[in-house]
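Given next, in structure tokens, is a single chain: the form predicted on its own.
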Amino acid sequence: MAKVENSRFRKVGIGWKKVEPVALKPSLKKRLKGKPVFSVIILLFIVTGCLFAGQLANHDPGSFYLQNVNEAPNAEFYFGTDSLGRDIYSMIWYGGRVSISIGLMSMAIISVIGITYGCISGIANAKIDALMMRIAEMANSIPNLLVILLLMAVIGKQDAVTLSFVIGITGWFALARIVRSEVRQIRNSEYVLAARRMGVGFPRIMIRHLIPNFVSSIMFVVVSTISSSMSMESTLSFLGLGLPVDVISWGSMLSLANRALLLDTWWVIIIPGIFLLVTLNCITSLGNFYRKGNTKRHSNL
């Protein structure tokens, strides 16, 4: 029987084939939209300068150039000198090491205490959870600055490690409450219940099952603690209650502000203040980026 071709439909064109739509990649401008690119670049510049302070500094930051006291910015002293004859340009980079280190060490202490305390409270029964939260709320109701001053007076020793420890153990309450609320939502999940029924210890449950599920929700708080710790160090040093003057940090540099106002040496205040404010704003921008990303993620669920 002869094959009958359907004359109504016929393929036209040589080498005809189905063309699949090609997904266009978004442009670099669209991919970077909404991301704190400028803040990251500035922050990397400052952090890199602090790490390579030995190569950038053109004077010894701890030396007193008494013949160049309170000199305005010039070719030899790029950012001028303070009332003790120290080179502000060199002090900026070395002082940034201490200030940023205090922020990072305090952040680590706050994260460890806050996450552990919040996980214990969130996974415990109702009575223990209520007791732990009341303790955290009572401790948080006391002014933070007052507690830090009291602890610094008791400890007596004033250095970067001690100050970071004091700031850290007094600043974890907000993080603990957030972690507790996140754990309360996921503690009845099947993988958590299965791990508890199999006798898995609490540290392993916290590290393997709890933290990975709420780490994105607390990143903005963790990042923000760096800037808040640096601000607290600067406040204490400005009041003369933080690091001593011989320990160079941005806060201890600002502790000479009163004398600088009397002597009309604006560069002693403005230049360290600019570096501190820019760094804090960049870190805050990163924290807000994580917060917006987490809010958008929850709204899509």
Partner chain sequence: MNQTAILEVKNLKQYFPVSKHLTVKAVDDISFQIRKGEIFGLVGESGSGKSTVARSIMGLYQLTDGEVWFQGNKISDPKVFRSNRRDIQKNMQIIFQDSAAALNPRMTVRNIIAEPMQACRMFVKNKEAMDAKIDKLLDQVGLAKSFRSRYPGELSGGQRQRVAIARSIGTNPDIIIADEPIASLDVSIQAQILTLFQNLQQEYGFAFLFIAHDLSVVRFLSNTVGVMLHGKILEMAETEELFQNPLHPYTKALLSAVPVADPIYERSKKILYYDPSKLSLTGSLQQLSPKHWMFCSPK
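Residue numbers count along the first chain shown, from 1. Quick caveat: nothing in here was measured; it's all calculated off a predicted structure.
What follows is about the form predicted together with the partner chain, which we do not show.
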Inset, instruction - With the partner chain left out here, work out from 72 to 80, 209 to 217, 108 to 116, 91 to 99 which stretch has heavy atoms within 4.5 Å of it in the predicted complex. - result: 209 to 217
Legend entry - Contact of L193 with the partner chain in the predicted complex (heavy atom, 4.5 Å): yes
Inset, instruction - Could you confirm whether V161 comes within 4.5 Å of the partner chain in the predicted complex, counting heavy atoms only? - result: no
